[in-house]
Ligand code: HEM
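Single chain ahead, written as structure tokens, the form predicted alone.
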């Protein structure tokens, strides 16, 4: 009985304690409710104020958005001449495009009957709609320009060399995706400019017919028509093309781009940070810190000291600063400058919007976006070579640069030193003379298809032998000659890359300024015939 009584007392004791604690629980609930904002903050920010090296390290470790950055950053990485802020600017522009794109989606209607009207509503009815669209349009152009400049910066500082080879390939993928994002978004306003520019792109996609026709294979293997139908969803630009471009522009390409951006940033950290020359660590003098803090005198590891082959091994920390908050200040400043520039452009300059698309009234001249005008100039000689083969060769060649140029040398130096600067200058002169000479020749005398004496030349010869392929062949020969003369694959790569950059700039300028109706040559737009 005593045991039973004991059990009875034991079983009731928790009940009495719970009943007594009810009032305390209510009070605790009230205090918890009041302190919820603080508790929520502590659950998100799981570190103290970054007042010490340890707390600053925890700031980076425990933050999802910052963990791709190292705990400490070398001072060389935050110099203006190291990256020119192009990587940060490109990423910020992508964020701006995503935000403004979502806002535009609220009012845009992807229908050939309503798309143009919805653009007018955005421009003239929706509050701040004009500014949002302008910022979106100029940010798209700026992102293309920044990606190109960022790629050139990485190339000329040899930032593609091992162990950063794969990240260079990822960067080339981002370059292609950026062009794809701009091209698919170009059609959405459904005006004359967009319709005929995309029509040009669709015809370029169909251009392999030029080669298959010459080989007599089109009736068996019409890859050109297949590419055009995949791009447009039909035989011509219409509703199927509009909805296909819309889905690619707002969902497929942005998601893939965001994934590759994440991989790109992650690889930068894993590959030892931004490329820097050896003298950045070899200097015995202390470099001034961005913020007042004691410079560490020796390195440390999270787990243990060990031998390895990663770029971080044998790198001193003498010239490093904590990423938080020093580098965040630099990133924040570059971001604010980028946002301000886009807001100013959007406020003072309207994005173009011509008449509603009309398939029965072709634009003359129908010009592609500026970043495709160089290709359009080559397409005027051969649609297949200028629009498909040469771009594919250039992109593939650039992607393979790290694997073809394995020459061991210091990285992070612009043009790899004085020798590279001379090669860049001479190659630029060679490319300028070659391109300008070829343009003068074609404007003055035409090419094979314009000559009566070549009326019976096979079509495949006209397709493969044109000014575009001649320029590529001359650039390749110049690169090979540079390799042999300088005994350096790096110098050969610089020579070839410089030739393509100069050629792109000159062809873009020529197609923008000097090409008019029927793609004829004019000194200025004022010389165009008046209808």
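Positions refer to the first chain, counted from 1. Please read these numbers as outputs of a predicted model, since none were measured by experiment.
What comes next is about the form predicted in complex with the named molecule, which is not displayed.
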key: Residue contact check: residue 273 to the named molecule in the predicted complex, 4.5 Å heavy atom   = yes
ask   = So in the predicted complex, does any heavy atom of residue 118 sit within 4.5 Å of the named molecule?
value = no
Partner contact for residue 190 in the predicted complex: the named molecule, 4.5 angstroms, heavy atom = no
key: the named molecule contact at residue 171 in the predicted complex, heavy atom, 4.5 Å   = yes
message = If contact means a heavy atom within 4.5 Å, which one of 367-375, 143-151, 424-432, 118-126 is the stretch that engages the named molecule in the predicted complex?
response = 143-151
remark   = Heavy atom within 4.5 Å of the named molecule in the predicted complex, from candidates 71, 261, 131, 353, belongs to 261
ask   = Pick from 88, 339, 256, 202: which residue has any heavy atom within 4.5 angstroms of the named molecule in the predicted complex?
value = 88
query = Quick one: which residues from 176-207 get a non-hydrogen atom within 4.5 Å of the named molecule in the predicted complex?
reply = 178
